[in-house]
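Below you'll find only one chain, the form predicted on its own, shown as structure tokens.
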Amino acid sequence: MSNTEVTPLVPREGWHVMHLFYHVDHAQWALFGDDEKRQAKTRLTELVQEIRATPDTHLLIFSVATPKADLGFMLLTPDLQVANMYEKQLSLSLGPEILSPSYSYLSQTEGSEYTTTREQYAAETLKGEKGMEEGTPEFDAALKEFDERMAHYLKHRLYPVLPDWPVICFYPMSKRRTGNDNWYSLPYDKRRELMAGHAKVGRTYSGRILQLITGSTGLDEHEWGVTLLAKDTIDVKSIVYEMRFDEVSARYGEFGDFYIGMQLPLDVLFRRICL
């Protein structure tokens, strides 16, 4: 798509993210001859290669466990115009009646408003907890290490490169807004305190779970999309279960459906979904 055709829709920071889930119409697929089936799979393969060759663009492909869907894609790219173009092409890639959307979700990568700032880390952790004095070599070294760690963290949140770990879990979520359990009526400091406990649980799964939180307020039916990548489904089950006891989830969390998939090479994926 030429940049002169339409105005790009690139956010000031972060990327657009689409989670796309499809059912395969096997009755229609059975009407294809062998050559038509080969051509259809070649079209999808070439489209996947084109998408993955697009700058700052990532595409995860997975077989969905359970009949909620057969095939899933996770597309990350800066320009919503490009995301929209590729989404339409993916839907038609195997033929006009083969893939039918079963669920989709639109969000954006984003930082967290509860991330510890440089000033908070200096005052609360270095001075308050560790008793360090400002201006000492130890204080300056600790602050420099914090700056580097947070720059890496923010880059991953806004511009992630996701690993090819086999298990992918996606679910949307919102914060409750009812009665005494209205998350948005809490003062910022209380919300930050609660989220810090939530994040502490997540950090215990480092190396086993890679979590990407994407924002969807005003973009889709919930407020966030959560993508978990893992090597073992028990780690997905464990982190979600453990976090259910955290007040952020137990009192304020609202969850949509969970989708579990397995990232596979395309040739294996075609066989898995019986194409």
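When you see a residue number, it is the position in the sequence shown, counting from 1. Since the model is a prediction, treat every value here as computed from it, not as a measurement.
Omitted here: the form predicted together with a small molecule. The next part is about that form.
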{"query": "Contact residue in the predicted complex, chosen from 211, 54, 28, 233 - any heavy atom within 4.5 Å of the small molecule", "finding": "211"}
{"query": "Interface residue in the predicted complex among 226, 40, 65, 60, criterion: non-hydrogen atom within 4.5 angstroms of the small molecule", "finding": "226"}
{"query": "One stretch from 243-251, 30-38, 46-54, 66-74 that, in the predicted complex, holds residues within 4.5 Å of the small molecule by heavy atom", "finding": "243-251"}
{"query": "Full three-residue contact with the small molecule in the predicted complex, heavy atom 4.5 Å, for 106, 155 and 159", "finding": "no"}
{"query": "Contact test in the predicted complex: residue 202 vs the small molecule, heavy atoms, 4.5 Å", "finding": "yes"}
{"query": "Heavy atom of residue 195 within 4.5 Å of the small molecule in the predicted complex", "finding": "yes"}
{"query": "The small molecule contact in the predicted complex: residue 142, any heavy atom under 4.5 Å", "finding": "no"}
{"query": "Residue 93, heavy atom within 4.5 angstroms of the small molecule in the predicted complex", "finding": "no"}
